[in-house]
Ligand SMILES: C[S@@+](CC[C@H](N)C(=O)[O-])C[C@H]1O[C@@H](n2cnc3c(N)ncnc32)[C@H](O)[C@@H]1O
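What follows is a single chain, given as structure tokens, in the form predicted on its own.
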């Protein structure tokens, strides 16, 4: 795509689904709870806003079988629609649930700040019993501060404040790993010596503490939850930790908005390994669809297609004929025509959007397809 003019670039794409950085700056793409925790592979909330306006009405129910970081659920709620989200990843479900829960704001803020202060006063916890993975990826001081915060939070908090503390702990753990500042998305190995930082253009040293991140993210999390409370509606939101290939939904949705994982690109469990290690979350990575470690061999792609067919066929049988199913995917391998046919879906439109502002190791031009489908009939 090098040398292609902006006019040519946008000639064949849906302009309502594509934005320049000037039109849609990062602060808008990560508004309120959408930036409670970094998450690779999420789609932007403005995209979901367009789909809701085009294909749904307030009072409807939207289903997302790959709930990820909860973008569909958050936007459905502000739109005034009920929503149900499912994911095989326990961390994804935790993060989504924290985003959409309705809180007693004063009580949550007080409990989180008290937890932070108690952990600070107690100092780092012993690290000798931590897992090998944790001791490898953190300095002793940094790990001790994470463990102390975890100890205090688990001791003094109850849900929903405890779930919020878990997300704060996870976000701090992501930032405090022994890796370079420019490689937080895909760290290859721990870094324990000073290094030239491509992000800051100078020599940097690996992080040796977690307390500053715990404090920073406590304040940021409280602020973002408060911001979302100003636009949150009373619409129902349910997050289910399950396999969407065989889930019986608690209510019948009116349609689907989702962005499934791409084959061989991201391990969604491994992406948040620090959370699984610190929080003892249920690891179901062995049945995660499209996980990177499986690669893109023919058997892996067959497994991916079979899984996608099962997910969308299961959704189709619980939707009314004609119900809209909106799928955002980069189908560069041409797998989804087969998926849609076998899942009982008819393709109405295939739209192309330009994905703006992919940075770091994921930089470069990138395009996605928006597959707008309808349920043919009971599957």
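Numbering follows the first chain given and starts at 1. Nothing here was measured: the structure is a model prediction, and the numbers come from that model.
Just so it is clear, the following notes concern the form predicted in complex with the named molecule, a form of the same protein that is not shown.
Only one segment in the set 180-188, 287-295, 163-171, 112-120 has residues whose heavy atoms sit within 4.5 Å of the named molecule in the model of the complex; it is 287-295. Out of the listed residues 259, 221, 175, 77, 259 is the one that sits within 4.5 Å of the named molecule in the model of the complex by at least one heavy atom. 42 is the sole member of 42, 346, 342, 31 with a non-hydrogen atom within 4.5 Å of the named molecule in the model of the complex. Although the partner is absent here, residue 217 is not a contact residue: none of its heavy atoms lies within 4.5 angstroms of the named molecule in the model of the complex.
The named molecule in the model of the complex comes within 4.5 Å of a heavy atom belonging to residue 245. Shown alone here, residue 66 lies within 4.5 Å of the named molecule in the model of the complex, counting heavy atoms only. The shortest heavy atom separation between residue 71 and the named molecule in the model of the complex is within 4.5 Å.
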